[in-house]
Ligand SMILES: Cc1cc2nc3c(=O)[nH]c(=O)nc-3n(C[C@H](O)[C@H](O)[C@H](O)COP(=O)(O)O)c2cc1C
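Given as structure tokens, the chain that follows is alone and in the form predicted alone.
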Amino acid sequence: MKKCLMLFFGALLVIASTVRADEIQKEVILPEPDYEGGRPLMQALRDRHSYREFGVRRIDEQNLADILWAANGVNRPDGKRTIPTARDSRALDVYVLKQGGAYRYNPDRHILELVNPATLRYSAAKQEFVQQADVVLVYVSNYENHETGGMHAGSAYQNVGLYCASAGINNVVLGMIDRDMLRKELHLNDNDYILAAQALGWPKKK
């Protein structure tokens, strides 16, 4: 009986490992942003709100593609972005913490690049409500002036907040995050610094 139980649990571990391996993608090619979607800007501004409650529905790749393009995507043929940056430095990176790993958004290719296969979104947060979020974005700058870097991040997370208001997705900007852990696990360079994070998820069903 004991041997059978050991074989059973061993098989479960193999299956679990296989599932986790299957979920990990080194590159995620995102769909093109939906430029025609969403509500008018004034309605999105009216409905922009911070929410600290999330349901179980997953954010799909189309929504994630739209969110990341809004945060720091390329919106002109010359490679310039949806947010203003000092001297067109483009010195802001957006990291995506989700099930299946931590990724860096590459705006030029509009893809996600794996930086760590671990699910970091729970351990990064210092507030319990973030445990419910489906995705956590982390804003990282290497601009030499940290105050200006903070302006870049503010532009990005405001764009995301407006997109979320338009799409009906809950979001909240986070300052209480484990920066030391994230610096290590995201393999940041010495001149990179973490400015803020943003938790995202669909609302709970009423």
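Note that the structure is a prediction, hence the values are computed from the model and not measured. All residue numbers refer to positions in the sequence shown, first residue = 1.
What comes next is about the form predicted together with the ligand, which does not appear here.
With a 4.5 Å cutoff on heavy atoms, Ser50 counts as touching the ligand in the predicted bound form. Within 4.5 Å of any heavy atom of the ligand in the predicted bound form lies no heavy atom of Ala165. Although the partner is absent here, Val172 sits close enough that one of its heavy atoms falls within 4.5 Å of the ligand in the predicted bound form.
The ligand in the predicted bound form is not approached by Leu45, whose heavy atoms all lie more than 4.5 angstroms from it. Partner contacts here mean any heavy atom within 4.5 Å of the ligand in the predicted bound form, and among 93-101, 125-133, 68-76, 108-116 they occur only in 125-133.
Residue-level contacts in the predicted bound form: of Met176, Met181, Ile29, Leu41, one residue has a heavy atom within 4.5 Å of the ligand, and it is Met176. Of all the residues from 136-160, the single one having a non-hydrogen atom no more than 4.5 Å from the ligand in the predicted bound form is Tyr157.
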